[in-house]
Every structure is written in structure tokens, then in C-alpha cells.
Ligand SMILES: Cc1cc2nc3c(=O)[nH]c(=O)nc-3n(C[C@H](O)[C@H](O)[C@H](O)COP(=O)(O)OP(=O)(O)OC[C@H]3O[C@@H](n4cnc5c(N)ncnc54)[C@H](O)[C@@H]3O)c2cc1C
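In C-alpha cells, one chain follows: the form predicted on its own.
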């Protein structure tokens, strides 16, 4: 039907006034050839003899056969061009295909992780025949240990006042709203729910460790809790990683009037106080002196935390307060107080000088060789290098210097007075075992007094090492059980093999810290980095370093 319709339309377009020609494809082609012949005859100087209808029909048939042959040959050469192969795809075609492939792969990966997140696997129940490990804390060391331990070999119980892991390097960004606090907090159960054996997570605060009885006492001190009071549980091994308390240097006013920067609540408290001071400074009728006091933030501590907070605050003033509070934004001041001769002592001299220059450009006042003496509701008292006291009015005071010990840590140290003599924290051996309780207690992180810096990097490495050590200890126990069975059965050859395996497995290497470098944000979209390279190091700073700093931290935090 379709072919007939096409032929009919073609015939109507030609509209030959001849008789005796049928409306077929051959006839149509004959008509076309006939018209072409008439045109050529009109142009030619000598007209050829008129063809009879039978000759026209024969010529049309031959022409149709020749046309079909040409079309077939043309199709063959078109499909077999370039030596008979297919045409190669161009550059943009390849790019388009690559984009399509990457998009499909990304969507598939995203779908996989969404499915995994919404469908956690079944876990083995806790086994009374297995040894119990109690973990105190949910910080860098504890979380790293939980990531690397094989829970099929143990029953694991986590006790922590916070049921989440906090990515502390980005806390200064939370104080000014650059980052939402929830984005740097990962629920502990999000990790433990994917372990092979069930891990019990208890949101409670440990109040007592009895090393002699091998028990831990804890209490639910949250705002809403049940009727149950204190609870005591036993352990076979204890991982003590409760972290450190804010340092006050014995100054009562610091705890009463100041802010710290260790927990998520601390960052939110600083943000609220900053905005309260800004709003109070905008109230009509405030004296000039009072406005200057309210808009002055004093930070004590020239380490990475204090430096990054001061830098974030200046960025906040420039990027946000200048837009919404133009009448007072240029009066906001930041002062950084440090007792040492310079800030950031863990960085190279070149980067220290670079940071000090940047702070000068950003109008951040540096007071090095100044010691904190006292703090009241409105003034900070510092001791100058010449020994004289100086009072500094402030609206917000942030303590970012030093680590103190928690009461439970001091109590634990008191149980081993002969060996626990370090004021900085718990004394441990090279295997991170608590001196005085080497068989059952491991202490990690800021609560310990080790040669390593009290950093997230160090704590994370300690936790990873301990998780692997527990796995190796489980292997030793398993091999010893096999050895005992072989000895009972009189399997002499197998006994010798197992003895060698046990001896090899018991060679547990001590913890070794590997420094991966130091990073710090210094404001104005710039950062500094001291990175180890070969036998030396590389010191870099600037905008490119800032991009790398953000990339590293956001990658780790995700």
C-alpha cells in the first residue's frame, strides 16, 4: 500500500500525457527518461530520429537496471569506505561517550552506597565465650581502632558521652557558620553497625575504672535518662581513650567566663556569644568604649586551633559582617595571645613568618611572650615580656591552649602511684599499654603522656595500630588452641609447625608514629603546610595550599 501510494504521487508529479504506459516504477522511470531525451533533443543542434514506443520501453528498462546497479555499488562503497572498515569516531564523540559512561558509573555507584546505607547487613550476636573489649571514648583513637578490629574475635562495648565521632580539625569553621556542625559529626553506630559482630554502643559517661577488679562504672548523664543510676560492667581488655579536658591553668575565671574549642557544643557556644556581642554593640546608646569591648575577641593559644579560629573570625567579619552590619564591622578586633616567642611552633620558621605577615595584613593583633594571668567578666589580664600586667577588654574569650586531665584519668593514675608520675597524662610503654596494668589496659590519644604530639593524626595512627594488634592477639590465641589440640592428639609434625607459627605471631611490633605533615588555615583563603619529603621536608603556603587543605580535610571527613 505504501509503495503504491509513493508511486502514485510520483506519477502525478510527472504527469505525462501519453497513452499506453502503465503506472509502474519501470513506467515512471521510462517517463523520466523520455522527458530527459526531449530536453536533450531541444538543445542539440541536430535532432535524432524519433524513437518508437517499444524502443522507449526497452531503454527505460535498461536504464532502471543500470540505476539499480549504481545504487547498489554506491551503498557498498559507502559502507565499506576507508578500506572497508567503519568510520572512526571523532574527538567530541569520544568525549560525549566518556561523559555518558562516567555519568552512568557515578549513578550506579551512588545507588550502591545508598542501598548499602539503607540496608545494613545482619550481624553475629555477642558471644559469651569471647573476650570482652570495653572502649571508653569515641574520638580519633577509639574510632580508628573500631574501624580496624575484627569483631568476630571479640565482644566490643563502646561507652562515650557523645554517640558520634567529631572531625575536630574543622571545628573553627563551625564557630562562624562556614560549616554546619552536623556535617562533621558521624554517628558511631554508622560504623559499628557494619561490623561482623554486634557492637554495643552506650551513650553514657564513664566515672570509674577499677583496674584491680577489671570493671568500668558509668552513668547516663544526659538531659533525659531513665531511672537506672550507675552501672558497672567487667572487661577482659580496656581501651582507654577518653581524651583530655580543657586547660585552665588554675584560673577560675577561665572556666567561668571563657569559651573552649574541643567539642561541638563549644563551637556553637562561641557562635552564639559572638552574635550576642554584635547585636549588643548595635543597640543605640552604647558608649564607644563598650562597643569596642563587645567587638573585641581575645584568643589564648598560638597553636593550630587558636590560629585557625582567629583566621576564620576575620574571614567572617570581612565576608559576612561587612555586608549585614556595615556600621560596626570595621570596629571588630581579634587579638591572639601566645606565651612562646612565636605562634605555630610545630611549623618551619619560614611558614611562621609567612603567617605572622598574613595576620598583620588581616589586622589580627599578635601578642607573643605574653602569659595569661587572670580573667574576669570584662577583662583579660596578661603578663607582658617586661613583667608588667596589662588588662585587655573583651567581649568573647576563647581558650585554645593546652590539655588538662579528666577526673577519671587522675583517679586511674592514682591507682598506680609508683609508675604513673607524669603530670601530662597516663604513662604507657611502647605498645601503648598502661604502666601498672600492661596485660589488660591500653591507653591512647590525648589522655596519655607520650613523645608524640597530641594531634588527631597521632591518635588515629595509635587506634589503627591497636585494632590490628587485637587481631594478631586473636590469631595467637587461635594458634595456641590448635597447638594444644595437636599435643593432646600426639601429632608431632603438626606440633612443630604450630609452635613456629605461634612464635612468629607473638612477635608484635611496637607502635611507631609516622608523621604525615602539618596543615593550618591562616585566613583570606590561604593555608600553610609542612610536608615530609624524602629525608627532609617541603614548606608551602598560599591559595593553592588552601585548596589542598580543604580537599584533604573534606575527603577525610566524608
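Numbering follows the first chain given and starts at 1. These figures come from a predicted structure and were not determined experimentally.
The form predicted in complex with the named molecule exists for this protein as well; it is not shown, and the discussion that follows is about that form.
Engineer: Give a yes or no on whether each residue among 141, 261 and 455 has a heavy atom within 4.5 Å of the named molecule in the model of the complex.
Structural biologist: Yes.
Engineer: Does residue 467 reach the named molecule in the model of the complex, with heavy atoms at most 4.5 Å apart?
Structural biologist: Judged by the heavy-atom cut-off of 4.5 Å, residue 467 is well away from the named molecule in the model of the complex.
Engineer: Given that the partner is absent here, does residue 406 sit within 4.5 Å of the named molecule in the model of the complex, heavy atoms only?
Structural biologist: Looking in the model of the complex, residue contacts with the named molecule include residue 406, since a heavy atom lies within 4.5 Å.
Engineer: According to a 4.5 angstroms non-hydrogen atom cut-off, is residue 344 in contact with the named molecule in the model of the complex?
Structural biologist: No, no contact at 4.5 Å.
Engineer: So, in the model of the complex, is residue 311 in contact with the named molecule at a 4.5 angstroms heavy atom limit?
Structural biologist: No - in the model of the complex, heavy atoms of residue 311 and the named molecule never come within 4.5 Å of each other.
Engineer: To verify the annotation, which of these, 425, 301, 243, 246, has a non-hydrogen atom within 4.5 Å of the named molecule in the model of the complex?
Structural biologist: By the 4.5 Å criterion, the partner-contacting residue is 243.
Engineer: Of these, 132, 168, 450, 335, which has a heavy atom no more than 4.5 Å from the named molecule in the model of the complex?
Structural biologist: Filtering the options by heavy-atom distance leaves 168.
Engineer: So which stretch, 149-157, 235-243, 347-355, 105-113, is the one near the named molecule in the model of the complex (non-hydrogen atoms, 4.5 Å)?
Structural biologist: Selected stretch: 235-243.
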